[in-house]
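Only one chain comes next, encoded as structure tokens, the form predicted on its own.
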Amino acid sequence: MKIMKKVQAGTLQSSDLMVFLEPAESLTVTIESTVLKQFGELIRAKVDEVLAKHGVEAGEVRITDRGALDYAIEARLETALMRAEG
């Protein structure tokens, strides 16, 4: 799938996250998190899993996390991807 437009999904409340997507020529993923030291690798793995599942090969992905669980990361990212399609 291709990211066609700039979108966002989520909130910045505790235990949630905000996902920002923008069209780009290559894929870049930036993660800011209050728990990055403890869970950064797991957050990145979940983001990579969802992007691969949807066939995303290009775009700017920015995640601002406030301690969201993996199912919330997946849901917010999938929502943003659906919005970005068209």
Partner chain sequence: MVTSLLSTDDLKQAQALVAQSGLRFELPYDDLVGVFESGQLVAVGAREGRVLKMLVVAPAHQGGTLLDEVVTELVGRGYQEGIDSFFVFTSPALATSFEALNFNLLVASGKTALLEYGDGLRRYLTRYGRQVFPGNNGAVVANCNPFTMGHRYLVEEAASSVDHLYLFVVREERSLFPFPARLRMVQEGTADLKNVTVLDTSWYAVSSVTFPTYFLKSDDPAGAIQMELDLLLFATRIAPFFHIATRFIGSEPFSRTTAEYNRAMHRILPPLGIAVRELERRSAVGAAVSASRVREMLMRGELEGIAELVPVSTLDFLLSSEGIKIWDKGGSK
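Every value quoted in this text rests on a predicted model; they were computed, and no experiment measured them. Positions refer to the first chain, counted from 1.
Beyond the structure shown, there is the form predicted in complex with its partner chain, which is absent from this document and is the topic of what follows.
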Original post:
So in the predicted bound form, does any heavy atom of Glu49 sit within 4.5 Å of its partner chain?
Top reply: no
Original post:
So, in the predicted bound form, is Thr34 in contact with its partner chain at a 4.5 angstroms heavy atom limit?
Top reply: yes
Original post:
With a 4.5 Å heavy atom cut-off, would you call Gln8 a contact of its partner chain in the predicted bound form?
Top reply: yes
Subject >> Interface membership of Ala24, its partner chain in the predicted bound form, 4.5 Å heavy atom rule >> reply: no
Original post:
Can all three of Gln38, Ala68 and Asp70 be found with a heavy atom no more than 4.5 Å from its partner chain in the predicted bound form?
Top reply: no
Subject >> Within 43-72, the residues that have a heavy atom no more than 4.5 Å from its partner chain in the predicted bound form >> reply: Glu60, Arg62, Thr64, Asp65, Arg66
